[in-house]
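Here we start with a single chain on its own, the form predicted on its own, put down as structure tokens.
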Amino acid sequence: MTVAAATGSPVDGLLATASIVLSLLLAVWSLVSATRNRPPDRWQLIGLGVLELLLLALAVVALVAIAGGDRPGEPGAFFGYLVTLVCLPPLAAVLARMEPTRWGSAIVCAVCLVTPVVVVRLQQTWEVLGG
């Protein structure tokens, strides 16, 4: 029995929860760095990499479920959120590297605060018509 089968949706469960928790922890860490007037450090970028791996795994699980016959309630919105979700951490990493000041840490913080919202919207668009 898979995580998706237990919850009824491939985008609910352990991967989604782990990505939300990691994203929020990284947001707090980046906020502290920004308020201390520090640029993004290597560990913030590593955290973004780990977050990206979790989000890619979530995307693969969703795509496998779709290939298996499951359908999201709002396919257009679902795929839009899915693409946005996997693009956010790399975008944050590139922008943070381009801005080696406290604002780089602020960029990481902002993206890490948006990511959980996009994960929740992804879950909501799957469940509109019952999955």
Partner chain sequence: MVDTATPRRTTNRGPGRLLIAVYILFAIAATSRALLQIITKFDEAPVAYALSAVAALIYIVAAIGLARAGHAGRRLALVCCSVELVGVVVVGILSLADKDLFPDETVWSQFGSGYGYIPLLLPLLGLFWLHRTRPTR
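Please read all numbers here as calculations on a predicted model, not as lab measurements. Positions refer to the first chain, counted from 1.
From this point on, the text means the form predicted together with its partner chain, which you will not see here.
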query: 4.5 Å heavy atom contact with its partner chain in the predicted complex for all of M98, A106 and A110; finding: yes
query: Candidate stretches 24-32, 64-72, 51-59, 80-88 - the one whose heavy atoms come within 4.5 Å of its partner chain in the predicted complex; finding: 80-88
query: In the predicted complex, R38 touching its partner chain (heavy atom, 4.5 Å); finding: no
query: Residue contact check: V120 to its partner chain in the predicted complex, 4.5 Å heavy atom; finding: no
query: Interface membership of V114, its partner chain in the predicted complex, 4.5 Å heavy atom rule; finding: yes
query: Sequence-ordered residues of 45-63 touching its partner chain in the predicted complex, heavy atom within 4.5 Å; finding: none
